[in-house]
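Only one chain is shown below, in structure tokens, and it's the form predicted alone.
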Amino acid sequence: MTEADKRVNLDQLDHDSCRSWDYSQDFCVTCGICSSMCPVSGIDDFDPRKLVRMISLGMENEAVDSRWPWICTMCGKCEASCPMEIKISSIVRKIRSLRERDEVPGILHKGLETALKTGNNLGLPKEDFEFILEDVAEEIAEEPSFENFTVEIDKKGANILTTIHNKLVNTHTDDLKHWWKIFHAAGEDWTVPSENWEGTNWGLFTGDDEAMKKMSGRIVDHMKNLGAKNLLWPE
């Protein structure tokens, strides 16, 4: 937001334009607790209470065009601490949903498009994904007490089906080992789907309900088709 953007004639605003939003934005008392809890407060002058007040005043277009909603991490700390129980994270997501899809910040828009098309935000082919999982499993099997370790892919009837965050097969493969070792030590019966395994639902983060439902539906289908009893969704 620029200095010019901060000067607003309140008489020219349509104060009822966002009144139908069901997030209690009109109850904000600008106490600042949300701002003190926000991990990105101050970046580009971002302040959660300012965003809430914009919606309360009916500044929908200004909020949608602003970078502020995309600075927010949607961690929910502001919402959890708000004494007026304003659904600030939901307000942010609502604002994001109103942005034209081709104007959604690049990595989110492109990642979501890729996930819808290929089953994961990286566009990683099935054979490459399986190779990475098996390579990590072999590394674990070389450690003491894990000699018999293997990764079960598309196993039917497992107790746990786990999705995977895309970065864990991209730049943080060692992080896969932690809960896999726990599974092994506990004698857990678990599996990983070979397709549509993405645990990061960017439909949620971009405010795209249809995309979110489609990606979530894929996981539901895995649970049904593989007959898994429980779901571990790390993201």
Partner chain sequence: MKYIKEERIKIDKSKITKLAAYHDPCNYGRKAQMLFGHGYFQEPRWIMDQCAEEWVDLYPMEMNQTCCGGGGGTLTTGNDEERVYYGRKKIDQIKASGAEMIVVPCHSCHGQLNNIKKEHGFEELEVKYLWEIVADALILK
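Positions refer to the first chain, counted from 1. Everything numeric here is computed off the predicted structure, so don't read it as measured data. We call the rigid core whatever largest set of C-alpha positions still superposes within 1.5 Å between the two forms.
Same protein, other form: the form predicted in complex with the partner chain, not shown, and the subject of what follows.
Participant: The partner chain isn't shown here, but in the model of the complex, which of 149 to 157, 112 to 120, 98 to 106, 130 to 138 has heavy atoms within 4.5 Å of it?
Facilitator: Careful reading of the contacts points to 98 to 106.
Participant: Give a yes or no on whether every one of D22, K213 and L231 sits within 4.5 angstroms of the partner chain in the model of the complex by heavy atom.
Facilitator: No.
Participant: Is it the case that D175, even though its partner is missing from this view, gets within 4.5 Å of the partner chain in the model of the complex, heavy atoms only?
Facilitator: Residue-level check for D175: yes, a contact with the partner chain.
Participant: Please run the contact check for H165 against the partner chain in the model of the complex: heavy atoms, 4.5 angstroms, yes or no?
Facilitator: Heavy-atom contact with the partner chain at 4.5 Å: present for H165.
Participant: Given that the partner chain is not shown alongside this chain, does V64 nevertheless sit within 4.5 Å of it in the model of the complex, heavy atom to heavy atom?
Facilitator: No, V64 stays farther than 4.5 Å from the partner chain in the model of the complex.
Participant: Does E60 reach the partner chain in the model of the complex, with heavy atoms at most 4.5 Å apart?
Facilitator: No, E60 sits far enough from the partner chain in the model of the complex that none of its heavy atoms falls within 4.5 Å.
Participant: Could you list the residues in 188 to 208 that come within 4.5 Å of the partner chain in the model of the complex, counting only heavy atoms and keeping sequence order?
Facilitator: Those in contact are E188, W202, F205.
Participant: Would the C-alpha of T171 be classed as shifted by 2 Å or more between this form and the one not shown after rigid-core alignment?
Facilitator: Superposed on the core, T171 moves its C-alpha less than 2 Å between this form and the one not shown.
Participant: Aligned on the rigid core, do the two forms place the Cα of E188 2 Å or more apart, comparing between this form and the one not shown?
Facilitator: Shift of 2 Å or more: no.
Participant: Fitting the rigid core first, would the Cα of E127 be found 2 Å or more away between this form and the one not shown?
Facilitator: Comparing forms between this form and the one not shown, the E127 CA shifts below 2 Å.
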